[in-house]
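Given as structure tokens, the chain that follows is alone and in the form predicted on its own.
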Amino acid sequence: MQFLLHHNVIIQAITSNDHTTLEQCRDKNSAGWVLSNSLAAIHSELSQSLKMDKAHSALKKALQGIAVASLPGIDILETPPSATMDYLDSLAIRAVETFKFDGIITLKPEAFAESGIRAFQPDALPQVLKESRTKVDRVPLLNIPATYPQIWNAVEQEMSEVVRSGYFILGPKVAELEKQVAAYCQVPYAVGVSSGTDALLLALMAADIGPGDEVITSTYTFFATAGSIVRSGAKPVFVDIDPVTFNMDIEKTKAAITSKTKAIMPVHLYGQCVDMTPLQDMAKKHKLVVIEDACQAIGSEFKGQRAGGLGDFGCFSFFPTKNLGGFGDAGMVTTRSKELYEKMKVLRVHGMEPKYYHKMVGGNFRIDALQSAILLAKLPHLEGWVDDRRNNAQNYNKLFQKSGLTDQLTLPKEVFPRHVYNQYIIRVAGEKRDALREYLNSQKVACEIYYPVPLHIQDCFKDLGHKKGDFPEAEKAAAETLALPVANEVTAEQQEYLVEKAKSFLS
């Protein structure tokens, strides 16, 4: 839950030196916000009893871990004064409506009695939180705004710096993000691009893959994996998957290599790495390029090495639903090769170097400076969010085992530490998957199917000559798998509610 802390609550906490309520509002389950318009009033009030510098210091200390909600100018102008209400109170109501807060914590709840907004005293907060935990009645698949208290101020600052600079295309924010993502992935180089899809295409272009070439990849993945291969002019060669990890079957991959094979594109699906050692060995033996589709796997590891540093290229997506997501499309390509790095930087700007001179044909693959700024604000939180996802996955495992449902459900297995759980995938036996999904949705529990139709039987790939039955493990996974909410904002109570509903249907 997220609450607006009224300015009188902040003042009381500082003057009484009792920060209990503020402490309670530094938790992801009860995040507190303060209205930026009220900060001057708080400071002025404190300065009446404290020296100005001490008042400022006390305010900064009190608001550590509390997000500041800034109303846009138009909201302020459109909030009319009231003869019966303090103007800051009117702005507080506007902030609750704009940010969709769950209420206002205030010393004077009666001031908001006619607003229709929930307002309560600080000492009522524990009871409000207790009631919310016991009244779980829905579980969203994602709740991206739940992370805003952690990132909002940093995002605003980063974005404001970009807007004020007027530097929207490439520039210092992009360079800084590339540097930090490269370090996070344990590689020397990274190139920011416009999406995860364009990351794959750029890697293929940098590897000189095109007409007449074959690229081996999984048939059980998001469309962009194979779509980028076709866009490069090459032919996707599909292989079946391992039924435990959902990643490409290594033996099937080995058998698919021909004289036309130029590259292998392993997909670290759902956040777990492919078994890379034998794949690296066969790539070395046959002189093949390895392009990791790590779009769901930032932070995942194989034998202590991060995804994105296990092949010649690592491709990432920063789509908003990813573990590290922007506020729109964005992506990144990582590499250990300085030569490939320099080539990709040219290719992402139409193959142009210097300006208006082209020795190769590239594309417009540039990442936005604004997306880079947002990702810079979010990146410091990624490890904590990964820990939350991993903890949520372990909690699901315990809850399902305790429920007695493991004879009907197959839980995901972490074969290679560390799985980062972009998705938590269960298998539902006995052709009950669709019925379970429909029931959970009817109980306001969101879940999703990734992916209902393997690529080899998609209409657009008919010319490859595949038919149903060619890749049985992928087809079985498509019929049995179900993704459950596992993101960092999912609460233990929501997980318990979900498992309880699943048990009521399957028992």
Ligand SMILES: Cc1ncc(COP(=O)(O)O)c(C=O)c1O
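Quick note: we count residues from 1 along the sequence shown, nothing fancier. Predicted model, so just to flag it, every value in this text is computed and none were measured.
What comes next is about the form predicted together with the named molecule, which does not appear here.
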query: In the predicted complex, segment of 209 to 217, 293 to 301, 371 to 379, 72 to 80 with a heavy atom within 4.5 Å of the named molecule; finding: 293 to 301
query: Residue contact check: residue 224 to the named molecule in the predicted complex, 4.5 Å heavy atom; finding: yes
query: 4.5 Å heavy atom contact, residue 189 and the named molecule in the predicted complex; finding: no
query: Exercise: residue 322 in contact with the named molecule in the predicted complex, heavy atom 4.5 Å; finding: yes
query: Contact label in the predicted complex: residue 392 to the named molecule, heavy atom within 4.5 Å; finding: no
query: One residue of 105, 200, 92, 367 in contact with the named molecule, assessed in the predicted complex (non-hydrogen atom, 4.5 angstroms); finding: 200
query: The single option of 310, 333, 330, 274 touching the named molecule in the predicted complex, heavy atom within 4.5 Å; finding: 330
